[in-house]
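Coming up is one lone chain in structure tokens, specifically the form predicted on its own.
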Amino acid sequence: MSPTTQTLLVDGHVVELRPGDTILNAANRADVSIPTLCHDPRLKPVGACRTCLIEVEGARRLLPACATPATEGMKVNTESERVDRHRKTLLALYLTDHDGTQEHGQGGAPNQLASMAREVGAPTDWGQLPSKRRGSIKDDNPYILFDPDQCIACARCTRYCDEVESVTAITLAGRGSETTISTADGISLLDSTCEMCGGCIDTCPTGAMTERKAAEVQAPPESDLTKVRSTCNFCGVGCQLDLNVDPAANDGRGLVVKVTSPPVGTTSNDGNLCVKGRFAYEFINHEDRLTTPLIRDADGVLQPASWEAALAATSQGLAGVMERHGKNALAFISSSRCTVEENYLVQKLARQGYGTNNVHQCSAT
């Protein structure tokens, strides 16, 4: 550490300052956990939920770690009797119009508010008020479901739609305790500018925004699912995603019940996915999907065959076309649903195996 390096103390840990640091950024680098509900690293900090309030030496009041710039010599205390009392009181107030016993949203997404309240020991006997938040008019879009009773109006979904997607399809509507998530004039998402990317689902901390298909099939909680990291196969960008597999479904063979984003900052797509990447996974177990090679018989009817027989028939057919009409009579078409390695082998087969450059792949368009 050079003599000109600026530092601050977070719970006694010396942390080197970086340009644009907030207290939350510095604390994260020191492995000091500060609870947040409205914060997402992809979004501008707003300090709306107040769960990240901490003590700073010399400050008269608690300050939001997510929105307070970190400065040289600052002494931060994230754990104290005052901070603990604030967290318990705040979360108890949240629970008065929120079902804290509901550990997951309808689609199985974890409810961070319920988990956080349990971890800090927030009181649960402050009474219960009926939520005044309401959803939009009946929305028949096939992908996104909104449960107003689970919403805490943290605005992460609306901010994501505005700041990351630049779509502004959803907004905060109403006032006071009736503030809810809606579209302009309460229209369906299908009639709005929504691109159905599902980013609102990904950023929601309580499961109020959830995947409709996962809710309809009553998907198990995400903690009971097996996450399998994969690469989206719908285009050539290579976004990473997590297949959420229910290992007990499909007679024990497992079933992908939804797709979620990897944690923000861990992959090239930074937790973002498009409508196809997040929602178009049913082809995996579709009844029309081919699982066995087929070869036409003498009558032209497709019949099941072994892989050896199918590969031999393919090789003979390609060789026959090349012998009769030349190598440029052949054309090879691959798919973006294949891996990069498989697509590479297809073009290698075309160019080196058969000497033709007539090879194409759908993500190249």
Partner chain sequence: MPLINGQRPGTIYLVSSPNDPRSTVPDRLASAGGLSEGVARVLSRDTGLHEADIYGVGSFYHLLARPEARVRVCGGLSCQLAGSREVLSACKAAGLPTEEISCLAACDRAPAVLRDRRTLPSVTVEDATRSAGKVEDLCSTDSETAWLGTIGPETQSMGTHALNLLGEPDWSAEAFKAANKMGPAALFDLLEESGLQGRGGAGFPAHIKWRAVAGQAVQKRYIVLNADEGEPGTFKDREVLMRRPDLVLEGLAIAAAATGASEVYLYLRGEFEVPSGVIAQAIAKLEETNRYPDITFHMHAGQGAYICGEETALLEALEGKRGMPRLKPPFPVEVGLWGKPTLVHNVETIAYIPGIVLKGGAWFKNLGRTEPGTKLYCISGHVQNPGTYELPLGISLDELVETAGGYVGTLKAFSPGGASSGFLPASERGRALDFKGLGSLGSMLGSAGVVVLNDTVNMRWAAEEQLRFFEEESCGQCAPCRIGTHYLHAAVKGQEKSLGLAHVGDVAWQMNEGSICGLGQAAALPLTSALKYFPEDFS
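All values reported here derive from a predicted model rather than from experimental measurement. Residue numbers count along the first chain shown, from 1.
If you look for the form predicted in complex with the partner chain, you will not find it shown, but the lines that follow are about it.
In terms of contact with the partner chain in the predicted complex, the residue from A122, A153, I144, C239 that brings a heavy atom within 4.5 Å is A153.
Proximity to the partner chain in the predicted complex, defined as a heavy atom within 4.5 Å, singles out one entry of D191, E195, D149, E216, which is D191. Residues with any non-hydrogen atom within 4.5 angstroms of the partner chain in the predicted complex fall in just one of 50 to 58, 301 to 309, 331 to 339, 318 to 326: 50 to 58.
Residue contact with the partner chain in the predicted complex: G174 places a heavy atom within 4.5 Å of it. In the predicted complex, the partner chain sits within 4.5 Å of a heavy atom of S166. Although the partner is absent here, G73 lies within 4.5 Å of the partner chain in the predicted complex, judged by heavy atoms. When contacts are judged by a 4.5 Å heavy atom cut-off, E103 does not count as touching the partner chain in the predicted complex. For the candidate spot formed by V46, L62 and P130, every residue has a non-hydrogen atom within 4.5 angstroms of the partner chain in the predicted complex.
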